[in-house]
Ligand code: PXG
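Starting off, we have a lone chain in the form predicted alone, written out as structure tokens.
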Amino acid sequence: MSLIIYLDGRFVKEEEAVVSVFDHGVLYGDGVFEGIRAYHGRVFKLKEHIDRLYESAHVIQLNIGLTKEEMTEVVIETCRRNNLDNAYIRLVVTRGKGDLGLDPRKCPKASVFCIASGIQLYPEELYQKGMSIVTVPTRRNNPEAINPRVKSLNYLNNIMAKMEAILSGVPEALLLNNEGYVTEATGDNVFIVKNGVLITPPPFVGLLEGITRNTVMELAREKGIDVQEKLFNRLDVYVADECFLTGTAAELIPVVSVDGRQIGNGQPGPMTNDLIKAYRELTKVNGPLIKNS
């Protein structure tokens, strides 16, 4: 059965959800997006995702044309129309239709579409046993060129790194910045645990400030765990007690090997497992309900 897609003020069948070949999102990656999850009939952390979408649009001077309240209803109604209680939601805003030139002023109106469907980024086995990853040659975009904190449609940097991971026979990769510090994975944030301290890179190093990342930090602090945002390099990862990745699609997934070096005892660590459990419990109660009460 066809999905129902929101597109520029209408709900249409997926076969009818088309954008112009002159859309700047298609031609130049000129736009922003959010990946959002729904669990147990609720859209998880929806306010935070909407806020980040509008911040990204503000940075690239993109007028979305909808209020945050209207956009919130778009997301919820898209889930309703597809009768989904659990879903992966892709919310996209492009610069809209223009011409073949770069000038964004030639795009008078942004295009907005919302897709709600399913996703399984990694097999369940990896959540139980952990994954192996590698560091790849591709470096993270310089924040003064294309700032990774803007969740834009231009993901070629991430895709190139993903390709290098796949060629190395692993599903994910660590990206370093030009100074050699760990930034993030191709689609996830990175955490390490050392001597009971939970450590993740600070946003200025060149990373997307993930909603899941921030949620995990909040959960950890509620548990009395010392959480630090600080620079670290590959050596720090190699000698960490635990390592895991976080992302909307991935949730929390343990890492047990990096560049052939075993992390800790080679199994998902106790802090990682504890935070996975806490995160999954939070998804049961956080976010607006999809169905009308």
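These figures come from a predicted structure and were not determined experimentally. Just count from 1 along the sequence shown to find any residue number.
As for the form predicted together with this ligand, it is not shown, yet the points below apply to it.
Undergrad: Considering this ligand in the model of the complex, which of 135, 141, 158, 132 comes within 4.5 Å of it through any heavy atom?
TA: Comparing distances to this ligand in the model of the complex, the residue within 4.5 Å is 158.
Undergrad: Please tell me which of 79, 211, 91, 110 lies within 4.5 Å of this ligand in the model of the complex, judged by heavy atoms.
TA: Of the listed residues, the single hit is 211.
Undergrad: Quick check for you: of 57 to 65, 242 to 250, 264 to 272, 228 to 236, which stretch puts a non-hydrogen atom within 4.5 Å of this ligand in the model of the complex?
TA: Stretch with heavy atoms near the partner: 242 to 250.
Undergrad: Can residue 200 be called a contact residue for this ligand in the model of the complex at 4.5 Å between heavy atoms?
TA: Outside the cut-off, so no.
Undergrad: Classify residue 28 as contacting or not contacting this ligand in the model of the complex by the rule of any non-hydrogen atom within 4.5 angstroms, answering yes or no.
TA: Contact check for residue 28: no, nothing within 4.5 Å of this ligand in the model of the complex.
Undergrad: Considering only heavy atoms, tell me if residue 42 and this ligand come within 4.5 Å of each other in the model of the complex.
TA: Outside the cut-off, so no.
Undergrad: Can you tell me whether residue 122 touches this ligand? I mean in the model of the complex, with a 4.5 angstroms heavy atom cut-off.
TA: The answer is yes: residue 122 has a heavy atom within 4.5 Å of this ligand.
Undergrad: Scan 11 to 34 and write down, in order along the chain, each residue with a heavy atom lying within 4.5 Å of this ligand in the model of the complex.
TA: Heavy-atom contacts within 4.5 Å come from 33 alone.
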